[in-house]
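Structure 1 and structure 2 below are two forms of the same protein chain, each written out on its own as C-alpha cells.
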Structure 1
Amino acid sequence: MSGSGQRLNVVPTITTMGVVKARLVGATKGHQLLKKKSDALTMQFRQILKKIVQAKEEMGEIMKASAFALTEAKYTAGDNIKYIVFENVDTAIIKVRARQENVAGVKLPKFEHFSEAGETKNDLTGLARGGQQIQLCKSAFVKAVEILVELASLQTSFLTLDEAIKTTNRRVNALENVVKPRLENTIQYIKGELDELEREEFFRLKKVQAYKKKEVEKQIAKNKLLLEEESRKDAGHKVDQDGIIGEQEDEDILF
C-alpha cells in the first residue's frame, strides 16, 4: 500500500482502532500542552533577554564609574592604598547564594547577593587622608559586584531557557509533523480495511442468499415434478382398473 511508511504497522481491527484513537487523543493533548509551555518559555526568554541588555548597559556605566572612583582614591590616598586594603581583608562582605525558580516545569538557577553586617577593618582605611574617596570607591565596586551577580544569574537563566525551548520545540514539531499524521493515517487505513471487510462480508452474504434461493427453487421444481409423475401414475392405474371392469361386463352369459 502506498504511504505505508507514514502509518503504524498494525492489524486492522476495531480494538486496534480504539487504541490508536486513544493514542491520538493523548498526542493532541500533549501537543497542546507543549505548545503552551513553549509559548511561556519564549515569553520568559524575551523578558530575560531584555533584562540582560539593560544590565549590560548599566554594567558599563557602573564599571566606568568604579574605575574612575578607584583612580580618584589612588590619587587622593596614594598608590599604597591597595596593599592596605589587601592586608585588611579577611572574609567577603558581599556573598552569593543560589536558588531555583520554576518556569513552566523548567528550573532556572537564580543568584542573589547579600551582605553580612558588621564592622570591618576597612572601615578605618584612609583615616589619614582620602577616606571619603575610598568609601566612594568601595560603594562603586559594591554596586559593580551586585550588577555582575545579577548579570550572571540572567545569563545562566538565558542559556538554560534556550536549551529548554529548543528541546520543547523539537517535541512539538515531532508531535505535529510525525506522530499525529502517522496516527491519523493509521486510523484512516484501519477504517478503509474495515469498510472493505464489511463490503466483502455483505457480498458473501448476498452470494450465500442467492445460492440458498436457487437451491430452494430447484427443490421446489423437483418436488413439483415428483408430484406430477405420481399424479400420472395414479391416473394410469385408474384407467387400467376401469378397462378391466368394462371387459368383464361385456362377456356373454350362456344358459
Structure 2
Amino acid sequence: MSGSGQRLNVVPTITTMGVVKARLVGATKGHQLLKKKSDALTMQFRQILKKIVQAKEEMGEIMKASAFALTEAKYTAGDNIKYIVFENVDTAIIKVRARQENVAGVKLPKFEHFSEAGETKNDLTGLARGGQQIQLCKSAFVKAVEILVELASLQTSFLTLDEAIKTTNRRVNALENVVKPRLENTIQYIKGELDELEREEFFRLKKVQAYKKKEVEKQIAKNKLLLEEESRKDAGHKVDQDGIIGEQEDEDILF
C-alpha cells in the first residue's frame, strides 16, 4: 500500500508514459461504462424485487384456492382419485421453455410455460362422479402453475442479476480503487523521474559549458603568453606590461 507498491514496475521513459496514459484513459472509460451498467442492472433489480414480493403474495392466494378446489374434488369424486391420478401420469403436458432477455449485457433466463397438445388419460378421471369439480381443480392448478412459472423466472432473474451486480460492482471498485490510482501513481513517478533526468542533463550541460569556457580561456592565455614571450624577445621595455598580464593570468587560473 505504500507509495512504491502502488505503481507499476516500469522504465521511466516518455514512451512508457504514453502507454500508461493510454491505459489510464482506457481504465477511466471502462470505469464509466461499468458504472452505467451497474446502475442499469440495479434499476432492473429493484423492479424485480418489487415484482417478486407481489408474486409471492399472489402465489399464497392462488395456492389456497387450488388446495380448496382439490378438497372439493376429493369430496365429490371420492378420496381415491389421487390413485387414479398417480396411475395416469405419463408425459408432461405442461412444460416450460426458457428464453433469454438481455439487460445491459447480462442474459436473464425467462421461463414460459406452454401446454403440449394431446389428450391425457386424466381427461376421463372422475367420469363416474365429480368430473366437473375435477376439471375445476385442474384449471385451478394450471393457473397456479402459471403463477409459479412466472415467479420462478423472476426468482432466477433475481439470482442472476444479484450475481451480475456483485461482479460489476467488484470490477467498478477494482478499477476505481486499484487500477486507476496505480496508473496515476505510475504517471506521477515517470514525470518525476523525467524531470529529474532533465535537471541532471541541464546541470551536465552547464558543467560542460563551464569546462569548455575554461579550456578556451586557458588556450587564449597560453597564446598570449607565447605572444608576450615572442615580443619580449623582440623588445625589453615591454616587460612591465608582461608582468601585469601575467598577474591577471594567474588570477584567472586560480578561479
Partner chain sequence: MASVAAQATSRGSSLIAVIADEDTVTGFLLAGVGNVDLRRKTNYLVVDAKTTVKAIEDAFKEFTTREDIAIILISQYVANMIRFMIDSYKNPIPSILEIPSKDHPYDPSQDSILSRVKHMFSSDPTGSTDRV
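Residue 1 is the first residue of structure 1, and the numbers go on in sequence order from there. Keep in mind the model is a prediction, meaning the values are calculated, not measured. We call the rigid core the largest set of C-alpha positions that still match within 1.5 Å between the two forms.
- Annotation: structure 1 represents the form predicted alone, while structure 2 represents the other form.
- Once the rigid core is used as the reference frame, the Cα position of Arg182 differs between structure 1 and structure 2 by less than 2 Å.
- In the core-superposed comparison between structure 1 and structure 2, the C-alpha atom of Thr71 has shifted by at least 2 angstroms.
- Positional change of Ala140 between structure 1 and structure 2 reaches 2 Å or more at the C-alpha, relative to the superposed core.
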